[in-house]
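Have a look below at one chain only, the form predicted alone, in structure tokens format.
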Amino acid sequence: MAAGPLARRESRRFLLFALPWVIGFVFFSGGPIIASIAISFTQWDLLGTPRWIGLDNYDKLLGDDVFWTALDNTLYFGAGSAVLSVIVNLAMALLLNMRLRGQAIFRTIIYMPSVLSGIATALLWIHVLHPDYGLINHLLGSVGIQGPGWLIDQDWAVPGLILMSVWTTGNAMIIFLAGLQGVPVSLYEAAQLDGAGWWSRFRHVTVPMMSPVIFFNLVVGFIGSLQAFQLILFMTDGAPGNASLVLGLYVYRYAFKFFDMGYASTIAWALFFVVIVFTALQFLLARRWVHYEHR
């Protein structure tokens, strides 16, 4: 059946409004993604003509010890950041879900760090994690604990970055808060009538009902952490040694410091496959602990 004049006019308007996004995606996302596949098989310094070298970049990748170090650091940072962010943001959401005076003010204050500039966040945390006068080591010293050399010690550089990453995850807290408000109050009342304490209610009511939201934030947070490089570039630039070097930063080095776009594209595609593999693994494991109401 042929569409009427009104339907055709609405289709044209839809395409007109969608056109800027389509153009932006083709030129700034889809196009570069496809181009990077071809570039990964070449040697190209951005100035000259790309030279086809086949699988040489991938052979180099397999024997690149720095790449494997960066991969270990990336997975370490990604897993630590995602898990710690879920724990902290869920705890904050539970607190902000309580009936308190000034609740909106507290929610705004806690969410504000997530909208700060990345450079401002990096500068702040460089001082917070400073081994001599940093706030964290000062607090540890007040209870008799010698603080580590955050960001300058090879064993503590990545844990310091993991702590920093929690600062900017306010969006996850908002999602947790929305999920908590969707948990039926009747379930808590029934559990309380059965004699369940706060921990039992949290374990047997909150966590199962919130498991889809926890899973979503865990997957999104892990993917985002695997791609992190801006704050790490500014705070440590992979130092000390390569103790805090991650794959995103390694791609940046080869692309814009060494001007080897072919090898940078190869590393980027390796990172892509790492993200795909671990995301698929998370979905497989989710069958064991994520519960949906329709099941």
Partner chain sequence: MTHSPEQAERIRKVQRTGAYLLLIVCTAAFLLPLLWMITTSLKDARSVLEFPPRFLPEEFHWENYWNAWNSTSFNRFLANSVLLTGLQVIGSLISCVLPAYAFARLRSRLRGPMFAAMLATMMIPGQVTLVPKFIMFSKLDMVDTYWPIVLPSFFGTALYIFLLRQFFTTIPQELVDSARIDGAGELRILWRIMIPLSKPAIATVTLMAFIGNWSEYLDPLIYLRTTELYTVPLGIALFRGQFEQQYQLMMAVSLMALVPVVVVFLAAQKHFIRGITMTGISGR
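As the structure is a computational prediction, the values presented were derived from the model and not from experiment. The term rigid core refers to the most C-alpha atoms you can superpose between the two forms while keeping them within 1.5 Å. Residue numbers count along the first chain shown, from 1.
Although not depicted, the form predicted in complex with its partner chain is the subject of the following passage.
Undergrad: Would its partner chain in the model of the complex be within 4.5 angstroms of a non-hydrogen atom of every residue among Ile39, Met92 and Leu271?
TA: Every residue of the spot touches its partner chain in the model of the complex.
Undergrad: Should Ala70 be counted as a contact of its partner chain in the model of the complex, where contact means heavy atoms within 4.5 Å?
TA: No, Ala70 sits far enough from its partner chain in the model of the complex that none of its heavy atoms falls within 4.5 Å.
Undergrad: Look up in the model of the complex whether Leu46 has a non-hydrogen atom within 4.5 angstroms of its partner chain, and give yes or no.
TA: Output for Leu46 is yes: heavy atoms within 4.5 Å of its partner chain.
Undergrad: Would Leu62 sit within 4.5 Å of its partner chain in the model of the complex, counting heavy atoms only?
TA: No - in the model of the complex, heavy atoms of Leu62 and its partner chain never come within 4.5 Å of each other.
Undergrad: Should Asp155 be counted as a contact of its partner chain in the model of the complex, where contact means heavy atoms within 4.5 Å?
TA: No - in the model of the complex, heavy atoms of Asp155 and its partner chain never come within 4.5 Å of each other.
Undergrad: Of the options Leu100, Ile87, Ile145, Ala190, which one has a non-hydrogen atom that comes within 4.5 Å of its partner chain in the model of the complex?
TA: Going through each option in turn, the one that passes is Leu100.
Undergrad: Mind telling me which stretch in 132-140, 182-190, 75-83, 202-210 gets its heavy atoms within 4.5 Å of its partner chain in the model of the complex?
TA: Only one stretch qualifies here: 132-140.
Undergrad: If you apply a 4.5 angstroms heavy atom cut-off, which residues in 214-237 are near its partner chain in the model of the complex?
TA: Result: Phe216, Val220, Gln227, Phe229, Gln230, Leu233, Phe234, Met235.
Undergrad: So that I can tell if Phe273 moves, could you say whether its C-alpha shifts by at least 2 Å between this form and the one not shown after the core superposition?
TA: Comparing the forms between this form and the one not shown, which are aligned on their rigid core, Phe273 does not shift its C-alpha by 2 Å or more.
Undergrad: After the core is matched up, is the C-alpha of Trp21 off by 2 Å or more between this form and the one not shown?
TA: Yes, the C-alpha moves 2 Å or more.
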